[in-house]
Every structure is written in C-alpha cells, then in structure tokens.
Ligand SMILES: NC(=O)c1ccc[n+]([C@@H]2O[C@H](COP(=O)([O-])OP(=O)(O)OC[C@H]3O[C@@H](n4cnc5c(N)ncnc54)[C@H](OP(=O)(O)O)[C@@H]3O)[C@@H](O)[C@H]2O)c1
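Okay, here we've got a single chain as structure tokens, the form predicted alone, with questions on binding and movement later.
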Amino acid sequence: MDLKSLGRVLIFPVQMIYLIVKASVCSLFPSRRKELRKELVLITGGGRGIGRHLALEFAKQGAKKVILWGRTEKCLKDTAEEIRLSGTECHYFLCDVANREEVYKQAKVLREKVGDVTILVNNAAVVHGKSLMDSDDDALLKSQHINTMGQFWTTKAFLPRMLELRHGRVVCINSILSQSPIPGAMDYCTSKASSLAFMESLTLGLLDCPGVGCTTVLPFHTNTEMFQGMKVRFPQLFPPLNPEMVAQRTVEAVRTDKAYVYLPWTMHALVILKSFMPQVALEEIHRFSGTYTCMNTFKGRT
C-alpha cells in the first residue's frame, strides 16, 4: 500500500466520526427550507389516500403547479378542483403506472401541455392482501408492476430532464414493510423491498449530480382505505398514522433535502433490532405485537 492510500485509510475513521457528529448536531436545529414556488410537482396515485393529502400539502406549501396521475377520474377531478380553489394551478391525467406505454405517452403529453416536472412523487401502490397460495397470478403481477416497475418507468420518463436542468427530486412513498415484512401481504412487502433497493441505488447514483436528489419515506401503517381492516394487538401503542401528517413530513423532507424519513421515528428501532436479534426473538415480537395476524381482518382497497 502506497503512502497516499495509507493516509486515506487512516483519515477515513476521523471523517466518519466528524460526519456523524455533524449530522447529530444539525438534527438539533431547524433546517433551512427551500421554496416551492417554481416547482412542478407530479404525484402518482394522487386522487385519494396519501396521494391526495400530498397534493394538498404541496399546494399549501406554495408549489407552482400540481399534477395528478391516477386510474379513477372522479377522485382525480375532485382533488384537482379542491386544489384549484386554494389558488394553485392543478392538472390531472388518467394514467395507470402499471402500463409502461401509457406512462411514456402521458409523460410526453404532460410535458407538452404543462411543462417540465421538477418533483416526481411515486406514491401509487396496491396491496393484494392474500397468502401466496390464495393469490391470483395476474393480481400478483399487477401489484409488482404498480409498486415497483411503475416507479422505474416514471423515473426513466422524468429524471433525464431533471439532470439536464440540474434541478429536481425523485420522491418515493415506500413502507416500513419493505424492511420488516409481515404475512398476508407478501406481494406488497416484496415489491416495496424492491422499490427501496431502487431508491437506495438511485440516491447513491445521484451523489455527483448537482441539484438533483431523492427522498424515500417509510411510514408505518397509515389510516387510509388501502389497509382498511388491518389490526395490530395494541393499537394504543402502535396507532395508525394520520395521512395528513405523512404528507406534511414528506413535503418537509423535500424542502430540506432529506434522503430518508421513518414514520414514526420509533421505526428506526425496529430496523436496528433486526440487524442483531436472532430470528426466534423477532418472531416473538411479531406474535406479541399482533403483526403476525394483522392481515387476517384485511378488507382494504386492492
């Protein structure tokens, strides 16, 4: 090993300590928030659930334009009208992100009619809510397309222009289930784990791309119709998240260039426990908390 390489090896631990201390200190103080008045925000699955609240929150925080993609026109229309009443320009387009050709077609139409997307929010998702043996193959495939491949296609459609402009952000509304799967939602957990790996890779890949970055949000069970009927053993200890709060924290993370957001913050502990606890102990945690059987009463939207 030459002297230069040896010097780097010796300095590296010092750099790590400095960065950890710096991040810890900075977390104690409010971060400077970017303005959104020049941003054109596209939200997939923007007609209802978390997507609707995201659209309203981006508009509230001053986004220049909000665009909604989804599969149900009535939901898109109602949300768009609500946003327009608040004074923010809003457009909606019918688009199924599970259809690659449709994504590229609508991306072209959007650019021509509205402009360049500078904040892409990949929010659209589905959960099948059945065991592997009871699942229909087509339903499993569709969930993979929406939860994973749709994110690939939308990012491919809009990221190149962000790189040209040297300005933009790719946002993913993921799930803590991508890191702590549960029975009864195998398709959702698998596709969300794939989505997380995609975002982790993309986040690192954009390190040397000035002005362009990523935000990944990993919420616990959120109180929307998607997971209606899902029950944990101690709802007072593990209450479902409010979708308005998830939207607020997401927009805040975008405005402060935060890469990863765990909601609530206690989900950090779950990830840490998984890194060193034996499997038998993790299984007992699932049984104790009720996550082992929480999908038995599932009747949400698929």
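Position 1 is the first residue in the sequence shown; the rest follow in order. Keep in mind the model is a prediction, meaning the values are calculated, not measured.
Below, we refer to the form predicted in complex with the named molecule, which is not included among the displayed structures.
Although the partner is absent here, Thr88 sits far enough away that none of its heavy atoms falls within 4.5 Å of the named molecule in the predicted bound form. Contact between Phe227 and the named molecule in the predicted bound form is found at the 4.5 Å heavy atom cutoff. Although the partner is absent from this view, Leu40 stays clear of the named molecule in the predicted bound form, with no non-hydrogen atom inside 4.5 angstroms.
Although the partner is absent here, Arg249 is not a contact residue: none of its heavy atoms lies within 4.5 angstroms of the named molecule in the predicted bound form. Looking at the named molecule in the predicted bound form, residues Val126, Lys192 and Phe220 each place a heavy atom within 4.5 Å of it. Site annotation in the predicted bound form: the residue of Lys258, Arg48, Lys65, Lys60 reaching within 4.5 Å of the named molecule with a heavy atom is Arg48. Stretch-level contact check against the named molecule in the predicted bound form with heavy atoms at 4.5 Å: of 23-31, 48-56, 249-257, 270-278, the positive one is 48-56. For the partner-free chain shown, Ile146, Ile173 of 144-173 come within 4.5 angstroms of the named molecule in the predicted bound form, judged by any non-hydrogen atom.
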